[in-house]
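This document starts with one chain, in the form predicted alone, laid out as structure tokens.
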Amino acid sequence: MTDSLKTTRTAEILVNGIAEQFERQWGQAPSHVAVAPGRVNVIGEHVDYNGGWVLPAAIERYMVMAVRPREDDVARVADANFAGVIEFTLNEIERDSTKDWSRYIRGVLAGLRNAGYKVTGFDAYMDSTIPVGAGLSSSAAFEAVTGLAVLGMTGQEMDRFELAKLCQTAEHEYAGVPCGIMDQAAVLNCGEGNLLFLDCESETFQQAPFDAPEWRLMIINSGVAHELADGEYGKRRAACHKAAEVLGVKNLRHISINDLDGTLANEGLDEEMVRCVRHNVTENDRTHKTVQALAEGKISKAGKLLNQSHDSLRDDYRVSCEELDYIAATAQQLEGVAGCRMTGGGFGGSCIALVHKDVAASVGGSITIAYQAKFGNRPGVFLTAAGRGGWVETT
């Protein structure tokens, strides 16, 4: 197996390692270690803010936080991937306007305190194997691991979906990112061996079985992020909401696949709105069909749906890019790949593929060689099973 496909560090190794790092940093052992995975969206892209259905998986890449409560109101946080120590008091979290990575921690602390939960000072040490900027929800993991760690060390419990919503609010208010609920929900609520079939309008979910022991999810990180992402994303989102107004529906999810042709003939829709409606309606349909196909072990069918999703994101929604299109097209031609598509916001980031485990090494190698020859840099490639949402361990 190629180096790029080897598991970097398992959760168990990370937990043990972070406890040792904590003790070296702070001179005593932590009381608790929290773990939060990254996530990848298998299908259901750019439908979350239109009330649609998404199908994310928790991946085997993790953020860990070791903590120990203090007797004062000071929070001290060190991170294996950043120099120095972030230090602040709990009285500063509401009014601080810092732009460093501690804003995710501050936002969650403020949310917990405002919700009536006990928040104490603490020492913390963090580490992560989730690639940053790859569309794998490192920010949601950051928020979730903070919430789990603080709740764990203070002996409190909170409903997982309520914690996900609290983390979502923290990202809105402290990071300035108007994200949907998918990332935080997946990071906290995925069940081992399942995908999270999440209804983004009702904010309810089911565990969707990934009944395919011979198959793996392969993540291919392009390593690029194009600057037009924010502006183009805003245009698509505005077109979706305008189309819903024209069509007289709360969200585009309320248009069925059977009514699509008639809906697209509405004279009130301009070309941009037509594209957005067509993508949303067909993507919701594909997501439902993928849930059923994976539960029945029909991997070939699920793979074709992933391919169709990429086509729609490239041609109708136009949020792909040359690098992602090349990865998807290359992977789709390889033996043992059921399907491949871009995942995440687009204009860079990653693709996801359904790959048979027996040929995963050769598939990863072929994609790496082809991509490097085309673009001059190596993609990050790794395999993952469908993992479980975050947890806390007492040390």
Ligand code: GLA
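None of the values given here were measured: they were computed from a predicted structure. One-based numbering along the sequence shown.
One more form of this protein exists, namely the form predicted in complex with the named molecule; it is left out here, but the text below deals with it.
Enquirer: Residue-level question: is residue 179 within 4.5 Å of the named molecule in the model of the complex, judged on heavy atoms?
Expert: Taking the distances in the model of the complex, the answer for residue 179 is yes, it comes within 4.5 Å of the named molecule.
Enquirer: Can you tell me whether residue 233 touches the named molecule? I mean in the model of the complex, with a 4.5 angstroms heavy atom cut-off.
Expert: Yes - in the model of the complex, heavy atoms of residue 233 and the named molecule come within 4.5 Å of each other.
Enquirer: Against the named molecule in the model of the complex, would residue 49 count as a contact residue? Criterion: heavy atoms within 4.5 Å.
Expert: Answer yes; at least one heavy atom of residue 49 falls within 4.5 Å of the named molecule in the model of the complex.
Enquirer: Residue 143 near the named molecule in the model of the complex, any heavy atom under 4.5 Å?
Expert: No.
Enquirer: Given a 4.5 Å cut-off on heavy atoms, tell me which of 24-32, 57-65, 40-48, 362-370 is the interface stretch with the named molecule in the model of the complex.
Expert: Result of the contact check: 40-48.
Enquirer: Determine the residues of 334-367 with a heavy atom within 4.5 Å of the named molecule in the model of the complex and present them in sequence order; the list may be empty.
Expert: Contacting residues: 344, 345.
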